[in-house]
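Given next, in structure tokens, is a single chain: the form predicted alone.
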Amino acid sequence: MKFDLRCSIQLSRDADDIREEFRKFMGGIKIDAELEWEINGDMLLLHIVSTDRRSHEWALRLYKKLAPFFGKNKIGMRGIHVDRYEVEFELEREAIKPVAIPFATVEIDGKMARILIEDKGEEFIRQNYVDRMVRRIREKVEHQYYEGKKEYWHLIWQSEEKEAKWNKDPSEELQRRGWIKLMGKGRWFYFPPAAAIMRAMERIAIENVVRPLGFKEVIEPMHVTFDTWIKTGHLEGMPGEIYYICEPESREREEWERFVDLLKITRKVDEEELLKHLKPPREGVCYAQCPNIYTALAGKTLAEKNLPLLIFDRSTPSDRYEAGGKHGIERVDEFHRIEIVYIGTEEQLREIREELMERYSHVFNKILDLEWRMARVTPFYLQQAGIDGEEKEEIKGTIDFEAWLPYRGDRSKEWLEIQNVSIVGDKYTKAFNIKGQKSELWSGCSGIGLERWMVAFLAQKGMEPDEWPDGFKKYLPELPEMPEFL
């Protein structure tokens, strides 16, 4: 890599009169880079070229060393300004198409990349934006090689084929019977019969998976801060899927008077007027429950006797903007699930994964009596990072549980993911500085989507309780009646 930096330090007064004294001082400064300097009135101009340590790091080190010299001469230093910064570095692979990033122009020739940064303040180099910009370009080029490709998928186990009770879409039938009502984009109201089915799924999960394995319940807020999502990667990974939250600028009625006037007169919300009274978003609605769990544990050291830490949340709905991908109650903008989080040693997490797979298998085979399968999945970007789905013993990654949907037809492709078990290594324990008293900690999670379990069950077993398997009837002996609407 090559770092070619031209920067300037603003001085509090003209320093031409101490040029020779400064020259002698600089003769005693040793840095492992090419350095040129010039005093021009009240500006000190620096040109630093380095192929080892980044030039902006040398500039900051010099700034610190120069402070006593200028202070002795009663001259203040008022910060560093980046006039021009050119960084050249080699890519792993050639770019397929042009790459652009904020704050710089980017040129790529074969595997050589060059970024040019001009006219930036001191924060730019003190916050080390340059390294992140280089990293982002590398990510974008690598992404060009896997974007649009499917995840790696390897079948682990599949149940025997089972006769479906019917071939209708359960979401449509639930609506026809009036058991569910669409309340907005991908958000549903569940009347007593539908709610009873979903609560039965929750009891099955709690009594057969969560409690037997020793998980303890927590309750978390629905709001998630940007700082949390920056650490987990959600904000950079799926910013277009998050529902953002804006606080009002004020609660004072006088501030909202014009908004209320317009509302009462037009019976419509004046969006332009509303936006005047909202602060920019700094948080969003829960996308998945685990980020807030990690935030609650941030900076903590877990006693060895408490490992593995096993906790779960079922209090917080998750919201994701699905745009045009919504369908029925299985692909929605708001859904309900039990989020299981486990933190411990690598070996402990391996055991937990096996226990979870065993408990889920019991539920799907003996209670719900589903036709289902398990597959090891590895997103293509993880394969690029060296995690190969063919490595059957690779502990990091995800096991997906999928159920056949008869109403969609073809068994070769019409399956719905209803469950997963993931181990993410030390990604989050490091990001949130969660430590063990002695052990190195990893973490993982498993989300139980109640709507997904419900859809898979109804799609295969139908809507008539008399035809449901006995294992399920134990948790829902009879359905509550619907209210009679006149």
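It should be emphasised that the depicted structure is a prediction, and the values quoted were computed from it without experimental measurement. Note that residue numbering follows the sequence shown and begins at 1.
There is another form of this protein, the form predicted together with a small molecule, and it is not shown here; the text below is about that form.
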### Task
With the small molecule left out here, work out from 198-206, 317-325, 274-282, 364-372 which stretch has heavy atoms within 4.5 Å of it in the predicted complex.
317-325
### Message
Quick one: 417, 420 and 447 and the small molecule in the predicted complex, is every residue within 4.5 Å by at least one heavy atom?
### Response
yes
### Query
Just one of 404, 294, 335, 124 has a heavy atom within 4.5 angstroms of the small molecule in the predicted complex, so which one?
335
### Query
Which one, 140, 331, 114, 111, lies within 4.5 Å of the small molecule in the predicted complex by heavy atoms?
331
### Query
Taking 4.5 angstroms as the cut-off for heavy atoms, does residue 452 touch the small molecule in the predicted complex?
yes
